[in-house]
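One chain follows as structure tokens, the form predicted on its own.
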């Protein structure tokens, strides 16, 4: 007997779900490694199991550190990675796809319809994440792209299931007609029977071979999808340790008063908390922290002082070699921008063009200086002034007086200027700020 139901939903759904489990599992694994408050390599490949994890910056690391990679970061250290929800959901779809593939005509019409409707939901989530990656991150993590492809294939499987839920209409032939319903054959020339011939079945469901199923099947499948998606996240949240004891163990500034007026005041539009930032304009980690503070609407709530700290021995006498050549020129431009209210603008510009400026700094001071002059011509004479060099020296002495280690970035919060640990400036930033500076959680 011709089953009249395509195997496409089961086959394609199984393939799509296996891909979803594969990519979401690696993404969750990479995220969970960082829960030890250390830095780790991340997988950023279409074949993460066959290629090694990558240390340093890549699109997947950027996506992980973005505010869109996890939920409830203000309640849990690091938050709950959204890949966990994907992992649970695709596990559900894998089981459902295998069921459709093996059950065949025994699966009810509403089971196919429920699968079809549920299979469209990951595509909606992928669409949102694709939009955020395109407009906010400007890069696409390969693990994320793998999930986009999985959701697209699953949606095709779902549409196919909706279309073929009741089987295809077929011709009434001997293989389908119930003998009890068949009309008697009357030879030509004899009177035809006066009774009506029963209508012939045109689908398998007309013969009762495909059960309709209970109306509760569809909501039950959607509820099961929700349970599968939430289950891993709930287990993850319950298993997280208490990070509170680790947050305040990185010291504070012993001499926070800026007696020599060397630091630069950069106050947000809605200041709620005192802060001090020790940064280098050519430090990639400083840029990442700055962008995180801005994107999560934290920077505007800071009444901040900035201690510009170039890791460049051209002006920083604590170093014997330049870690970021050219940082001295940008640091002086930052100091020179304060009287005209352009210090924040100089810092933002330095971060926004950091890769180009770092390359110019390595090529030579003159090329970098020309770039600065082209953007801020009004600051050119101030950069070479003795007063600017003397003020930068005072910033360095401020760091020495406070026994600040030679590394950037460093963030100090509150009137006591407690230092935020380096391990808490990325995935755990929102949680840490909620404990150390609760005012920042207010609108």
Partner chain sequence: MKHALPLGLLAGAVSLGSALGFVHSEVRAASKRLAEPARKDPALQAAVADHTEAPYCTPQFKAVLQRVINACGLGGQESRRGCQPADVKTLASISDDDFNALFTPLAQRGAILLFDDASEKLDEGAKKLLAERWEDRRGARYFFVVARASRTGAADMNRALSHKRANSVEIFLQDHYKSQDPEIDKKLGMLWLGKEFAQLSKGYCTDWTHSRPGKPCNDEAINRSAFISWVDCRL
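Numbering follows the first chain given and starts at 1. Quick caveat, the model's predicted, so the values are computed rather than measured.
The same protein also exists as the form predicted together with its partner chain; that form is not shown, yet it is the one meant from here on.
K.L.:
Name the single residue among 116, 232, 268, 79 that comes within 4.5 Å of its partner chain in the predicted complex, judging by heavy atoms.
P.N.:
After the contact test, the surviving option is 232.
K.L.:
Between the options 91, 343, 311, 276, which residue brings a heavy atom to within 4.5 Å of its partner chain in the predicted complex?
P.N.:
It is 91 that has a heavy atom within 4.5 Å of the partner.
K.L.:
Is it the case that 130, 141 and 351 all touch its partner chain in the predicted complex, with a non-hydrogen atom of each within 4.5 angstroms?
P.N.:
The answer is no: none of the three residues contacts the partner (heavy atom, 4.5 Å cut-off).
K.L.:
Taking the partner as it appears in the predicted complex, which of 268 to 276, 293 to 301, 152 to 160, 81 to 89 has residues with heavy atoms within 4.5 Å of its partner chain?
P.N.:
Single hit among the candidates: 81 to 89.
K.L.:
With a cut-off of 4.5 Å between heavy atoms, is residue 47 one of the residues that contacts its partner chain in the predicted complex?
P.N.:
Looking in the predicted complex, residue contacts with its partner chain do not include residue 47, since no heavy atom lies within 4.5 Å.
K.L.:
Could you confirm whether residue 318 comes within 4.5 Å of its partner chain in the predicted complex, counting heavy atoms only?
P.N.:
Close contact exists here: in the predicted complex, residue 318 approaches its partner chain to within 4.5 Å, heavy atoms only.
K.L.:
Indicate whether residue 420 is a 4.5 Å heavy atom neighbour of its partner chain in the predicted complex.
P.N.:
Contact check for residue 420: no, nothing within 4.5 Å of its partner chain in the predicted complex.
K.L.:
Although the partner isn't part of this model, could you tell me whether residue 135 comes within 4.5 Å of its partner chain in the predicted complex, counting any heavy atom of the residue?
P.N.:
No, no contact at 4.5 Å.
K.L.:
In the predicted complex, which residues of 10 to 33 put a heavy atom within 4.5 Å of its partner chain?
P.N.:
25, 28, 29, 32, 33 sit within 4.5 Å of the partner.
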